[in-house]
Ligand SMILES: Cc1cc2nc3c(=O)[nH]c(=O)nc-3n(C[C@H](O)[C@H](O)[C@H](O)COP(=O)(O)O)c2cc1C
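For reference, the chain that follows is the form predicted alone, supplied as structure tokens.
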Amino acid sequence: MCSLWLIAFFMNLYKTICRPLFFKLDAERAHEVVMESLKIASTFPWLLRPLSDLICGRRPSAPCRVAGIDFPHPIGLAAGMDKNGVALAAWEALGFGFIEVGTITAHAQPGNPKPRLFRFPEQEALINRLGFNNEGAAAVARRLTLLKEKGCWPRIPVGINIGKSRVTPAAEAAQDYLASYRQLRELGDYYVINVSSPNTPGLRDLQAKEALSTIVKTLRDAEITQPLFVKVAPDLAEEDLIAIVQLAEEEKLAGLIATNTTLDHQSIPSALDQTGGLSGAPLRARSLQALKVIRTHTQLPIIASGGITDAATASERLSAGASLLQVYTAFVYQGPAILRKLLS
């Protein structure tokens, strides 16, 4: 009984104390504070496990095998939260079934000017125009390699999400993705081609079948051995989604991630709206529809992301054919308790 009380107490700690404190800060500053705290926590693996057991209680277990990879359960952390792979041990300790690092680019880049991350609590949404701010593939590769060498690699799968550098012309995009992959080769359990962020000029044009095919074939020629996914936008027309599915089938990709953020901001009051990609609860319908279109045309694995906020929305995605689920915005608003909600 005491143990159950402690679990309930710690699960509510984020909502009652941590979140109000974080939300007094600018959204990006709060993100930096959280990431720095988790980075520090990840250097104390001996402390993380008992602390996680105390906060989260019994570790969720719903094992599944997707694209040849074993997952302890289907709920993972979406790309964008831990862009540089600084807190892998902490994410595992918090109970995630897998982690997706990135988006990482071949060249280090600061991203777009600040402010560039905005909260909308009433809608349980975020808008970001971060622009792939990250340390670059070489720096992230060094960090991840060191983790492996020190025996600190998490026991859950780690995906690596790569995108095009802003300074790279679209015509050279394939070589840019290849440069990132070569730096990060053999470090990820799977890799993701991100051509769907709305915050890098011209990036979404790479979702066109010919451009995407060039990127995939270039990576294939590099003898990529790990599963390769492509992440799509929720704003694509149905025929464009189908074209990407056909490409995925033709090129024998491992699967697709549905979806990235949306440019549809109808749910946000016009006086508060910002330029960028919208994530969170308002993305639910668009992301679900994209998932259904994709599943209708392929049996490849699909990782569902976007608008997953509770057990009902998680069940909805799994019933629609998702193999795995990812969260980001729901974690910002609900904290570690989101994992128990989704698996209940």
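The first residue of the shown sequence is 1; numbering continues from there. Predicted model only: the values in this text are computed from it and were never measured.
Beyond what is shown, the protein has a form predicted together with the named molecule; the following relates to that form.
The closest heavy atom approach of Tyr328 to the named molecule in the predicted bound form falls within 4.5 Å.
Within 4.5 Å of any heavy atom of the named molecule in the predicted bound form lies no heavy atom of Gly276.
Using a 4.5 angstroms threshold between heavy atoms, Gly280 counts as touching the named molecule in the predicted bound form. Interface residue remark: Ala79 is counted as part of the site for the named molecule in the predicted bound form, having a heavy atom within 4.5 Å.
You can rule out all but one of 237 to 245, 215 to 223, 124 to 132, 168 to 176: in the predicted bound form, only 124 to 132 has residues with a heavy atom within 4.5 Å of the named molecule. If you check the named molecule in the predicted bound form, you find a heavy atom from every one of Leu117, Lys231 and Asn260 within 4.5 Å.
Applying a 4.5 Å heavy atom cutoff to the named molecule in the predicted bound form picks out Gly102, Thr103 from 93 to 115, in order along the sequence.
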